[in-house]
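Coming up is one lone chain in structure tokens, specifically the form predicted on its own.
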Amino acid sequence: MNLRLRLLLTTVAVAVPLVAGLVWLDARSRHRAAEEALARITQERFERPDAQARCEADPVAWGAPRTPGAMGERPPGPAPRTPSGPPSHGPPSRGPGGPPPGLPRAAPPRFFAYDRALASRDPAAPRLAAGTAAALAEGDWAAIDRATFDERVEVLLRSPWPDGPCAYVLVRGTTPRGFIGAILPATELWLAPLAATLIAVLVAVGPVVGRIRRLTADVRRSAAGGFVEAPAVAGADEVRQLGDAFVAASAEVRRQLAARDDRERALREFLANTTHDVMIPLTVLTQHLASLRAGVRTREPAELDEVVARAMDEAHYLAALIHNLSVAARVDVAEPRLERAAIDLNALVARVVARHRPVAAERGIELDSGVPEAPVIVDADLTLLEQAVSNVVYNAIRYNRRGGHVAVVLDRDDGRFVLRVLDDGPGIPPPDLGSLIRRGFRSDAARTRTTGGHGGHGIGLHITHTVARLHAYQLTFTNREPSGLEVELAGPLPPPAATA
């Protein structure tokens, strides 16, 4: 259901009960006005000097209908007023309370006389119930209830003559539209304001509905074009605000689509590079295993140990690559979420060193560590931080020379922790130090030769840098003298109360 039809139905739903209530109230008001007019006319008849004698002599003739205006009577209705005197009792004239020209007047009132037993000599008199006279206990007259929309009105009065055939008088009249006058005007012209209001609502709502439809078309066109073109809305009202909200939403959608495209492009490049990186160690590992199987009976034990060491090195390389892929899936999103907890860096360093000792031993590299006696507690994501440290230690071992040394040192420094990984390998050319954290960066030829013919996968130190940035830590690379690389990871320590 569109807005125009909804507003139309709402207006009709409100107007119909309102009109019905006005008509009912008007009908009740006309009945009341007619009852009061009939009671007043009857009281005036009672006040005439010969009224009692005439009524008791001939009750039927006394109550016969009179032509309006005859014998000084006036039809039931508001008495016309003159500019200089009280209401006159002549025939009603056209005025605020009189009937409009051309409308029927009320029927002449008819009077029926009853004795104390509510019996009448007039055969046309309506029969009254025995308890009808009890309604007069609270006043001089009482209305005989009829349907609201029945134009007939009947009023029962107690006459000043309690004995005789005229103890009670029932007067009957009608309430033709416009004669008595009540709430609503005498003609259907009172419906004109209602119709005008309905038309005004539709006319006023029409432009608004049109603007909303144009906005809807613009939004659909923008959506069909990938939200490249923003909807254009004029004005300074709620429709404009709605249009501005759509414009802001389309801008956000465009931003998210662009970010998604960037992520997909980076993912495709990452998968392409990773596939290449995985295939090389798998091929090398397969060659080592084939060589090991072929020479298990012919080669010397020393040669077999070297083949096994190289195979293990490739297996460790694959394990590190898979771990980094898992971490990259967590950090390479628009809004990565950290699962922070209190972490003992002493225990973390111990786990990382223990995990890499077999790799270092196979390559003939000595791996040592040093930590403070008191635990160093930080608030961080355990999985991400441990993988970041593992990447640095693994790189120090992988790119070191046989017989070299790698040290992992943890210390406190003025409310901060400082974790250093030092090696005595070939180091990094100074121009390349700033590129170590870039994804896909490959080390120089000197380091490449130490890995058996292929470089690293280019994401380990990038992940370490990303984890440091997410934790607001500082990551620095420095060449050592005479050779080697020092990687430092530093960050704030939580207050003692938080640690406790």
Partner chain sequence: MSDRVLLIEDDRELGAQIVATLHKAGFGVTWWTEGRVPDPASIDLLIVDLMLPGMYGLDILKALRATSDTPALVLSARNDTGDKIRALKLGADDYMTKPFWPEELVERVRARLRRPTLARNDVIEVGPLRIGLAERQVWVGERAVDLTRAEFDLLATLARRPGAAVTRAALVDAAIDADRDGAERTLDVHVSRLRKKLGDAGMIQTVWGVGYRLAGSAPT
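Every value quoted in this text rests on a predicted model; they were computed, and no experiment measured them. Residue numbers count along the first chain shown, from 1.
Below: the form predicted together with the partner chain, not depicted.
In terms of contact with the partner chain in the predicted complex, the residue from D122, E386, D218, E154 that brings a heavy atom within 4.5 Å is E386. A single residue from the set I397, L422, A167, A142 has any heavy atom within 4.5 angstroms of the partner chain in the predicted complex; that residue is L422. Only one segment in the set 113-121, 378-386, 154-162, 126-134 has residues whose heavy atoms sit within 4.5 Å of the partner chain in the predicted complex; it is 378-386. Contact check for R172: no non-hydrogen atom falls within 4.5 Å of the partner chain in the predicted complex. Using a 4.5 angstroms threshold between heavy atoms, R401 stays clear of the partner chain in the predicted complex.
Though the partner is left out of this view, V393 does not reach within 4.5 Å of the partner chain in the predicted complex, counting heavy atoms only. Mapping the unseen interface onto this chain, S369 counts among the residues with a heavy atom inside 4.5 Å of the partner chain in the predicted complex.
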